[in-house]
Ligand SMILES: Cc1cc2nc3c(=O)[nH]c(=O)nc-3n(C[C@H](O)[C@H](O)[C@H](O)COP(=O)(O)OP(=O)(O)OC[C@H]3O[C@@H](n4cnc5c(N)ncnc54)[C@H](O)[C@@H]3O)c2cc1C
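As a starting point, one isolated chain is supplied in structure tokens, in the form predicted alone.
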């Protein structure tokens, strides 16, 4: 593996670093899980798009730069190093977009990708249901063929829909063949949330943010071009989306390298309060962040050679989610009684605790690793 950057890549890094230095807000934006904060983050996304930095790895025709995976890693590293705002468009650009590129028709790509890149349309993920959380194959929401209308009628409920209270569109699985097995008869739909028959009901979290939502479908009609891929092939497409969610697309190493750097800076300010156990935990966290970055380079190297992501996405998900918790626990120990008063670290800790749950619980991911990688019995 060649760990040196080419002159072109170094020039790209300089361009990104300089633009971020000029444009990152001096004060943090309000939480993107509030209505006010979501609007502020969308304005930031528009500025990124105008600079052709919102989706650097996409084709130029869709708002990108045709950048390769190495430039994408560079962008992510510089983005997090600069402390730039959270990407409230992430469900679209990091999760749905790879599936659109792989399974979408040219018409679907032309329709959905440009407004996704600009932030004009935002996407939430409609997978979890009241009786189907981590067990995605247990979903009950259904789509019924409407022969007269030439489309589908949607029924059921999705829950824990991140930023569903603010987004314009939802992608999700619906059961189109109730007689098929658990992983069969599922179809992947792209649904505008403003159509008749869709009710979005936001609800607050313990921290007061309101971005989560229940989404109810009562006969909402969508045309055939709302189907991504083939009817009945939803599970396969969903697993491709899940690989993006669990792997480096959603959580690039730049995020954890930046967090580890901030953690070291915190230790330098507070090391007089730190015992040897906290110091050792800090060292392990920094090493783990560097290890994740090195592992990602290996993944990208294989990907550039044509390899497809597989079970390593589950390995990565377990690793980065637990690393996030450790980093914030060390920060909490360094801050001591003041931890709850430091809004950045406190909110980061709250969010980190959700990491082992979202994108597929770590218990499920360990089962996947045991069965598919290690060959252990079920």
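Positions refer to the first chain, counted from 1. The structure presented is a predicted model; accordingly, all values stated were derived computationally and were not measured.
Just so it is clear, the following notes concern the form predicted together with the ligand, a form of the same protein that is not shown.
With the partner omitted from this view, the residue of 94, 216, 212, 235 that lies near the ligand in the predicted bound form is 212 [heavy atom within 4.5 Å].
Proximity to the ligand in the predicted bound form, taken as a non-hydrogen atom within 4.5 angstroms, holds for one residue of 79, 127, 166, 188, which is 127. At least one heavy atom of residue 161 is located within 4.5 Å of the ligand in the predicted bound form. Although the partner is absent here, residue 363 sits close enough that one of its heavy atoms falls within 4.5 Å of the ligand in the predicted bound form. For the chain shown alone, residue 11 is not a contact residue for the ligand in the predicted bound form, no non-hydrogen atom being within 4.5 angstroms. At least one heavy atom of residue 367 is located within 4.5 Å of the ligand in the predicted bound form.
The partner is not drawn, yet in the predicted bound form one stretch among 141-149, 119-127, 296-304, 221-229 has residues with heavy atoms inside 4.5 Å of the ligand: 119-127.
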